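Here you get one chain, nothing else, as structure tokens; it is the form predicted alone.
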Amino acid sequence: MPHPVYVPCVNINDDIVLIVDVTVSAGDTVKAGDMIAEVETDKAVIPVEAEQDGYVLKILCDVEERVKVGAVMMWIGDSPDEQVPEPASKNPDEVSSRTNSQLPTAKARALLDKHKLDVVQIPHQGERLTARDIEAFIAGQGGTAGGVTAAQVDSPQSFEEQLPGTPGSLRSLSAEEQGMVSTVIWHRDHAVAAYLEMAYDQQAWNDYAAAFAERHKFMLSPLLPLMAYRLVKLARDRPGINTTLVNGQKYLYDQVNLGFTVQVGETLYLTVVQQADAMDDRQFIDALGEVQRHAMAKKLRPEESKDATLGFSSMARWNVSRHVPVLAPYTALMVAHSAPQKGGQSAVLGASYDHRILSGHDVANVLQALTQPPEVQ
């Protein structure tokens, strides 16, 4: 059956977004997670990804067109010859309004996919289509939908959280907050996260960074980028740390995409330098500087904030002496750099890692190598 792809709500204050790019054509095959379009708000360019495998049946938007959040931007079908549903109203304003009001909640969308239902089939009372609406619809159809009885549908109590008893108000998550939620849930539900740390003397690294800065006429110390690049080279030489687990099998990445945390005001970004292993140290520092500038301006390109294969995080600027980072989705290692202890060069280098695929021995060896710059090895 045809599945609608909706114009995403990137920011609660934005009712209209600009279609920056459409990367597929009618008739193309796509897989879940493939980027199919890009939309732009006042704050960022956000990729739109396919939510299921299938065929692009019809595209309803054009590049440079401004469209309403919640509108259907394209249809994806299970087979290439499916018919796209006709809108209930021919009045564009009415269609846009109806489509926006029927934008399902995330939990409702999961139920729609689970029971092979179309959003336009389900009547609802509130501003958004909810799991409760879908349950009521199934019950009204004699208790079945897609071969599943109403008793098998997750109840609203178990599927949707109840509001707290203390008075308050709901607001939509920003794109950055949604990314944080997805990351934390992956860390919690998939990775078997572990942590270890190692004390070391930073003097060798400080001397190495100072010499590098003088040689390349840098105004600021390149200490953190150089340590991150050292991790990239370790991952290139030890591919077992540049990996993840997929369906019980080890997935070894063919390239090193280094994720590097950047704090911008209250927003934490994981910026990504793609194919970092193909760069020398100077090229890497320049590439990392560019994605950091894009993050500071909140103008990250899609490829600069996704597909990290391992990560590097530092909280030294806040004088944090140790921290335990959250693993990015589909990574097995995130190194944590911290500030030296007061009055000395002694510091702690830590790492969160996915214990399903890396052992403490693996990570300890990486940290041991990372405590010293390349020329000291």
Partner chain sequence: MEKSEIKTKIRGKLAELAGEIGNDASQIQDDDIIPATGLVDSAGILGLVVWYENAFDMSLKQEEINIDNLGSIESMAEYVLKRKGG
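Numbering follows the first chain given and starts at 1. On a predicted model such as this, the values are computed, not experimentally measured, just so you know.
Unshown form predicted in complex with its partner chain; subsequent notes refer to it.
Put simply, of Ser174, Gln255, Thr267, Ser221 only one has a heavy atom within 4.5 Å of its partner chain in the predicted bound form, and it is Ser221.
A heavy atom within 4.5 Å of its partner chain in the predicted bound form is found for exactly one of Val246, Ala211, Ala297, Val181: Ala297. Here the chain stands alone, but in the predicted bound form its contact with its partner chain, taken as any heavy atom within 4.5 Å, falls in 281-289 among 237-245, 163-171, 181-189, 281-289.
Remark: Arg215 does not count among the residues lining its partner chain in the predicted bound form, judged by a heavy atom distance of 4.5 Å or less. Under a 4.5 angstroms non-hydrogen atom cutoff, its partner chain in the predicted bound form has Arg317 among its neighbouring residues. In the predicted bound form, its partner chain lies within 4.5 Å of some heavy atom of Arg293.
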